[in-house]
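Next up: just one chain, as C-alpha cells, the form predicted on its own.
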Amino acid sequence: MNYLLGAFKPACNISITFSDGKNRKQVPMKKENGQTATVPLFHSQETISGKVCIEPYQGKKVEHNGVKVELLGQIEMYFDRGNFYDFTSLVRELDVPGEIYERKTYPFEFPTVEMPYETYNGVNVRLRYVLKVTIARGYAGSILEYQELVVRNYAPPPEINNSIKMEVGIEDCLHIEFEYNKSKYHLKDVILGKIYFLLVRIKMKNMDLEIRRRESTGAGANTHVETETLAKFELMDGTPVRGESIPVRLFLAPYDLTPTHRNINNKFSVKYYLNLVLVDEEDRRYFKQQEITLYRLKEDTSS
C-alpha cells in the first residue's frame, strides 16, 4: 500500500522567486479557501523577473517534454467556475525535453508587461494575474506550480470634477436638496457635502448615507447583478426643521473599496453609489441614489 501511495507523490519540488522579492511590497490577498496570503505587488509596465527552481526528490529523476513559465491575466466567472478567460498570456520556454537529476535553476524575465486591469476579487467574478510553471510530461501527467501576484494601477486626479447637486421631494410633504463637493474620489478621500431641508411636513425618524457597490457580470439574459452596502453613516436622528442644513463628512479610507471598473474585457463592471436613505416614523423609506467614480491615487504612504 505504501508503495502505491509513493507512486502518486510529485517527483520534484518547484519554487518561484522574484528578482526583487526581498524589497518588493507585499500585500494581503484572500484566497479561494477564505484564508489570506501575502503576495507581491506590481503595477502595469513593470518588468517581472525571477527564477524557477526545480529540485527532484531524493532518489528520483524527472523525465519531461519541456519546461515553461507563463504569465497569465485571467478572468473567472463564479457561475462558470474553472473556466478562465485569458486576456494576457506570455510564455518563456525554460528547457528542452530531457531529464532532471538534481536541483536546477532557470532565470526568466517578462519586460515592461502591459497589465491594464487591477486584481479584483468580487462576489461573482475574480480577475487575477499568475505565474504558471509547467513541467510537461506524457503518461505521468504534467507537473504545475502557480504563484499569484497583485496588480494595482494609479490614475492621475481628474481634470474635471464637478460637484453633485440633487433634489428629493414628495409633493407637499418633503423637499430636500443635497450636494456633494465632487463626483470623483480617490480611495483615501473624504466626501464632503450638505443637505438642506426646504420643506418638512412628515415626521422623520432618521437619515443615513450609504456607500453601495454594484457588481454586474455577464451580458444580456445572463447578466448577474450583486449590490453590497459597504458603509452606513447616520446623518440625522429625529425630525429636522425647515431651513435646517446638515453637514456630510465621510472618510473613505476605512472601507474595503476598489477603483470603479467599467466593462472590463466585456466581462464585468464595478460601480459605486452614494445612497441617501430617509426613514419616517411609520418606517417608510425614501431614498436617492447617485453614482460616484472611485480611482486609485498614487501616494507616498499608501498603495
Partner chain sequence: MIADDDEKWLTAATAAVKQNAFYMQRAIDSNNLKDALKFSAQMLSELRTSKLAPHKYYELYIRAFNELGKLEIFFREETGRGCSIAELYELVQHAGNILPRLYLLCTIGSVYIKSKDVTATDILKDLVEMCRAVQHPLRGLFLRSYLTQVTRDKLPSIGSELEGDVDAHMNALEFVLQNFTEMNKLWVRMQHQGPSREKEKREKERNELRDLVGKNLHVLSQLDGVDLGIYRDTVLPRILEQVVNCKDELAQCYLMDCIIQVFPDDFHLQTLDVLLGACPQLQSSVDIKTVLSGLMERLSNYAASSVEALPNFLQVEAFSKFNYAIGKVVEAQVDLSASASVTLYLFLLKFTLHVYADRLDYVDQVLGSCVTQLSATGKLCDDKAAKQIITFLRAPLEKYNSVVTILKLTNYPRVMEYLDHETNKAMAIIIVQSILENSTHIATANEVDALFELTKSLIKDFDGIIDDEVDEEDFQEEQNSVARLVHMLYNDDPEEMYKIIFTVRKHILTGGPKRLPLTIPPLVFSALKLIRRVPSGDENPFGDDASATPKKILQLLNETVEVLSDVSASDLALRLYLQCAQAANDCGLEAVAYEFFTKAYLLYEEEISDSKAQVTALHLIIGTLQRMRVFNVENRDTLTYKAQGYSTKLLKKPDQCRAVYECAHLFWADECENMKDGERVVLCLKRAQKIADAAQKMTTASRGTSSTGSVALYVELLNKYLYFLEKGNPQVTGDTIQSLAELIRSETKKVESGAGPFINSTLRYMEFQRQQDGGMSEKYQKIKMEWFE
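Positions refer to the first chain, counted from 1. Keep in mind that this is a model prediction, so the values were computed, not measured.
The following text describes the form predicted together with its partner chain, which does not appear among the structures shown.
The chain is drawn here without its partner chain; in the model of the complex, the stretch among 98 to 106, 68 to 76, 229 to 237, 171 to 179 whose residues come within 4.5 Å of it by any heavy atom is 229 to 237. In the model of the complex, Glu244 approaches its partner chain with a heavy atom inside 4.5 Å. Using a 4.5 angstroms threshold between heavy atoms, Lys203 counts as touching its partner chain in the model of the complex. At a distance threshold of 4.5 angstroms between non-hydrogen atoms, Arg249 is in contact with its partner chain in the model of the complex.
Tyr273 falls outside the set of residues with a heavy atom inside 4.5 Å of its partner chain in the model of the complex.
When you look in the model of the complex, the only residue of Pro28, Pro254, Gly59, Gly34 with a non-hydrogen atom within 4.5 Å of its partner chain is Pro254.
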